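Single chain ahead, by itself, as structure tokens, in the form predicted alone.
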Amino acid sequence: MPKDETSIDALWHMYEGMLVSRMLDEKCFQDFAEWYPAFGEEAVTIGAFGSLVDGDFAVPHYRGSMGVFWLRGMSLEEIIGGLLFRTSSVSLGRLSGLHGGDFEKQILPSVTNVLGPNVSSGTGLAMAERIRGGSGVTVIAFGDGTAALGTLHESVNMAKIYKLPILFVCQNNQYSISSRSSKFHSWDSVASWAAGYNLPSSQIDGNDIMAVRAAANEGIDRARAGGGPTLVDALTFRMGGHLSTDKAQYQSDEERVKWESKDPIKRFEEYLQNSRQISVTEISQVRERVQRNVLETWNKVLASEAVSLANQ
């Protein structure tokens, strides 16, 4: 997509990416008993990974990864094929859609739901790129729960020592399953931890895609110029439970109402209307088109032949 975030094409691309992520999440949440949605976190994923170019590596967090797959050029048929174990997927139906990265599109497969390995693996990718003398940048996303694990601290330390071309992005939704992160972390923010490793770091409004994109661009540009790693602590909120069956009764009504008013998709729609004079009708047309594409592709893939385990 265009690097100039002020262009209409770039704005529409951001909007469509958030819609694809949200609508696929809604369908999975409805159909699967165990699904880990990213409702409310779309500005972080689409904003942080949207400025990568050919030759860069995407290492997404499992929550919201489908939007990253779409950004990197995977078709809806490939993405949904992974969710439904169909041969249209990158793995020919052999790997869960959550883990369906594609090395050809330079998306690291998240081969496990265990938190943390994507951070160290992504750091290894950046080290390899540094050794081979390439210009690629690696963007690595992780949650605030993962931030407490040793693998993040080891990776951040290594990235700083070797000036690796990495943008670390904390998808800080403030919850680790049902526990508030503030109750088991010793930091004021993940950014303050990163500062302890002498990394340029900042905490930003993770529900403002323009703020996320600006912070990501700064870190990516620094990495590409040889300035080493950056960490962005994107403060957002998980609008709902940890997975489909979690009713999130530990979240207060007041907290949910507060963050629902900050829904990143609604905020971006308001930005398009107020700052770019894009009409409600135009926005509705794009939303309806994306919804139609997602549902039609889902039904098409669902009707296709499932993978036979007997033939594996």
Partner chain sequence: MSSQRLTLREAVIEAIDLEMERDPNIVMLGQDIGEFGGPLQSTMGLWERYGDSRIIETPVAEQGVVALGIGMSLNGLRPIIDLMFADFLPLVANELLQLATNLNYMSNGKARAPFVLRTRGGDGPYRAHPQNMEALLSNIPGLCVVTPGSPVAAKGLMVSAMRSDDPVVYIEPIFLYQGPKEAVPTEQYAIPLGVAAVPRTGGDVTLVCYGRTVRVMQLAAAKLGKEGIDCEIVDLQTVTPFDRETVINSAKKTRRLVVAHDAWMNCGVGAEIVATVTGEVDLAARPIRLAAPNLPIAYAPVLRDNSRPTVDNVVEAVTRMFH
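Residue numbers count along the first chain shown, from 1. The shown structure was predicted, so the numbers you read here are calculated from the model rather than taken from an experiment.
The protein also exists as the form predicted in complex with its partner chain; that form is not presented, and the subsequent description refers to it.
- In plain terms, the part of the chain that comes close to its partner chain in the model of the complex, with a heavy atom within 4.5 Å, is 153-161 out of 153-161, 208-216, 195-203, 226-234.
- Of the listed positions (Met239, Ala191, Leu76, Met127), a single one reaches within 4.5 angstroms of its partner chain by any non-hydrogen atom in the model of the complex, namely Met127.
- Its partner chain in the model of the complex comes within 4.5 Å of no heavy atom belonging to Gln171.
- When its partner chain is considered in the model of the complex, Val139 lies well away from it, no heavy atom lying within 4.5 Å.
- Contact between Ser182 and its partner chain in the model of the complex is not found at the 4.5 Å heavy atom cutoff.
- Contact between Ser135 and its partner chain in the model of the complex is not found at the 4.5 Å heavy atom cutoff.
- Residues of 114-135 lying near its partner chain in the model of the complex, listed in sequence order, are Val114, Pro117, Asn118, Ser120, Ser121, Thr123, Gly124, Leu125, Met127, Ala128, Glu129, Ile131, Arg132, the criterion being any heavy atom within 4.5 Å.
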